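This document starts with one chain, in the form predicted alone, laid out as structure tokens.
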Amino acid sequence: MISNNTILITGGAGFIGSTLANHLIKKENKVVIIDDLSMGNLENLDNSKKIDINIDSITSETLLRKVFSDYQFDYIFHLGAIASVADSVENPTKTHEVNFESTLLILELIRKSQKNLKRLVFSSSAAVYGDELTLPKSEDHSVIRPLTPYAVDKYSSERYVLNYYSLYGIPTSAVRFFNVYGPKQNPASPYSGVISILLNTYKKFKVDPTVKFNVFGDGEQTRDFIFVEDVISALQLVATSPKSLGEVYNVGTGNSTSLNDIINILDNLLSLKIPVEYLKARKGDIMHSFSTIEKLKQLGFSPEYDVYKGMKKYLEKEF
């Protein structure tokens, strides 16, 4: 949907960012990436002259000013962040610099130097909903309950991004990711999703049959799992639709799947039966979460992958 444009992706060597970058260069786009590689990996990116990689933090004002001086961007996807909720609790000042202050700096640089920008899309998170109990989670909820510094920074950044459209006419949108999974998600990372960790356990189990997978609680906790290729489609729709200016969108499937269901699907696809040990539920864990994506559907979005189909493709690429 996006072709022959110049595009900035912060966090572009990470899981979602690299998948987006590799997709965009196939459409004759020039992609500029900023990533400090704290969570990303250059091996995630295709080898291409169409990618300009800048290894530095998105908090570096010197780098950001240079990049915004060197390029006039058509699209900016701001994905860079410290994605660990635990890190934000442990070190709120550092994560605030990355997760909030960088966003404000980027917005100001856009306002001063980017006259041809078609859209900035900011990646927020379902974490902004916190433990608000209404299901499904809707963008129109009047109650938002961010419970951690990570969630507060995401929500604050999201509000700034959208206000820059209403106040200054900067073309912006925001998305709230639910549980994204797929190839390139690093299971060794403390920020990784449960599916990549689970899949890595299956790999270990094939070598060592004493390996078990630990589940905190009874496994009936549910999440809205969305395959990364559907996320890439959603990001492009939000970036290119006139309707999405100044708006925020849930990015999920609109369906809930339990952890036990995920394990059963993988058992079936891999013809294995992994041992599961059920442990005491962790304090503060949310039992159920899934989105309504009716607003995103109004832009023409329809998930291509249900959990079974997404898992099957994930396994074909990485198992």
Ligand SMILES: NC(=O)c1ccc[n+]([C@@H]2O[C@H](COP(=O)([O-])OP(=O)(O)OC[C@H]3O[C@@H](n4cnc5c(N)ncnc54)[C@H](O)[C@@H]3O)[C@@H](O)[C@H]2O)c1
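Here the structure is a predicted model, which is why all the values come from computation and not from measurement. In this text, residue numbers run from 1 along the sequence as written.
Another form exists, predicted together with this ligand; not displayed. Remarks below refer to it.
The putative spot formed by Leu37, Ser57 and Ile82 is fully lined by this ligand in the predicted complex; each residue has a non-hydrogen atom within 4.5 angstroms of it. This chain is drawn without this ligand; in the predicted complex, the residue among Leu24, Leu296, Met311, Ala13 with a heavy atom within 4.5 Å of it is Ala13.
Checked against this ligand in the predicted complex, the residues Ser123, Ser88, Thr172, Ser157 give one hit for a heavy atom within 4.5 Å, which is Ser123.
Only one of 110 to 118, 161 to 169, 74 to 82, 208 to 216 lies within 4.5 Å of this ligand in the predicted complex by heavy atoms, and it is 74 to 82. Within this chain, Phe177 lines the site of this ligand in the predicted complex, having a heavy atom no more than 4.5 Å away.
The closest heavy atom approach of Thr103 to this ligand in the predicted complex falls outside 4.5 Å. Within this chain, Tyr150 lines the site of this ligand in the predicted complex, having a heavy atom no more than 4.5 Å away. When contacts are judged by a 4.5 Å heavy atom cut-off, Val98 counts as touching this ligand in the predicted complex.
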